[in-house]
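Only one chain is included here, represented as structure tokens and corresponding to the form predicted on its own.
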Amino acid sequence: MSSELRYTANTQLEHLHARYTGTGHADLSKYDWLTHQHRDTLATVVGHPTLTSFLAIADGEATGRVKFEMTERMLQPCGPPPAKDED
């Protein structure tokens, strides 16, 4: 009975990972997780005109400039990736 439950749980988890790519996995590093979170947040702000307008008014800049800067920050939102170990 427990092996069937384990199989069902794994199947559901695989389905969630396939559907929502940002959910991560066991081998995901902290840097990768933070990068996904920042990109998702930036994409949400750019995708919702009211949020973009709010930030433009708060910063005193044009809406197009805010969208451009947010899109540019999506390239490396958390800076350059850390050096990988040679292990």
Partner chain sequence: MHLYNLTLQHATAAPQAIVGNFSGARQQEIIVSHGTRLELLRPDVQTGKITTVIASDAFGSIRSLAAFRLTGGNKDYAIVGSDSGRIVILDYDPKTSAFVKVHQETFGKSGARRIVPGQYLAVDPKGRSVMIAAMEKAKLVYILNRDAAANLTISSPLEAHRNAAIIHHIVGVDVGFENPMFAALEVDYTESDQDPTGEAFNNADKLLTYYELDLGLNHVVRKWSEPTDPRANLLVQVPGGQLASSDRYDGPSGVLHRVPIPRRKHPLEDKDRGVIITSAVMHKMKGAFFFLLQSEEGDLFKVTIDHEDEEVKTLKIKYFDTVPIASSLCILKSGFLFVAAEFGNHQLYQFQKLGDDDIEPEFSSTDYPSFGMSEPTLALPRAYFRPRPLENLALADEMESLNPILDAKVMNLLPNSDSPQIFTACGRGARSTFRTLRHGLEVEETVSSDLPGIPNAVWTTKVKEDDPFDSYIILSFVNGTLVLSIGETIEEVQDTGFLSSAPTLAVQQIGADALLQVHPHGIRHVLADRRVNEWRVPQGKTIVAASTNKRQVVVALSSAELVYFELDLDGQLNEYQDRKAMGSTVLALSIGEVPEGRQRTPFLAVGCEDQTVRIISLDPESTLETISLQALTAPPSAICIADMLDASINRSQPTMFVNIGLQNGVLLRTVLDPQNGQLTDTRTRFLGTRPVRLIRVQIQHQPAILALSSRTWLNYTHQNLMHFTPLIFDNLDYAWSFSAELSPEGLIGITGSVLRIFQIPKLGTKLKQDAMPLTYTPRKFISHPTNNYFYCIEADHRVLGEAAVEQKLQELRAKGQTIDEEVLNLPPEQFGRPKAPAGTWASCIRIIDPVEGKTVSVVHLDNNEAAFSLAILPFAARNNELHLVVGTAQDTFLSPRSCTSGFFRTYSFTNEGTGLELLHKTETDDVPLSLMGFQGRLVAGVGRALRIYEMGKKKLLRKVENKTFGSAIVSLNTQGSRILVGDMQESVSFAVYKAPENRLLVFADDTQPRWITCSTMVDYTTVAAGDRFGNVFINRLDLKVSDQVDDDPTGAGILHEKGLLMGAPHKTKMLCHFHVGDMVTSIHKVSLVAGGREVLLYTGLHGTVGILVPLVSKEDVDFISTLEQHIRTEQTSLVGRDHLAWRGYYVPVKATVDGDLCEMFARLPPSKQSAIASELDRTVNEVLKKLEQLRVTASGF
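Computed from a prediction, not measured in an experiment: that's the story for all the values here. Positions refer to the first chain, counted from 1.
The protein also exists as the form predicted together with its partner chain; that form is not presented, and the subsequent description refers to it.
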Its partner chain contact in the predicted bound form: Ala43, any heavy atom under 4.5 Å: yes
Its partner chain contact in the predicted bound form: Met74, any heavy atom under 4.5 Å: yes
Leu28: touches its partner chain in the predicted bound form, heavy atom cutoff 4.5 angstroms: no
Sequence-ordered residues of 44 to 81 touching its partner chain in the predicted bound form, heavy atom within 4.5 Å: Thr44, Val46, Gly47, His48, Pro49, Thr50, Leu51, Ser53, Phe54, Ala56, Ile57, Ala58, Asp59, Gly60, Glu61, Ala62, Thr63, Gly64, Arg65, Phe68, Glu69, Thr71, Glu72, Met74, Leu75, Gln76, Pro80, Pro81
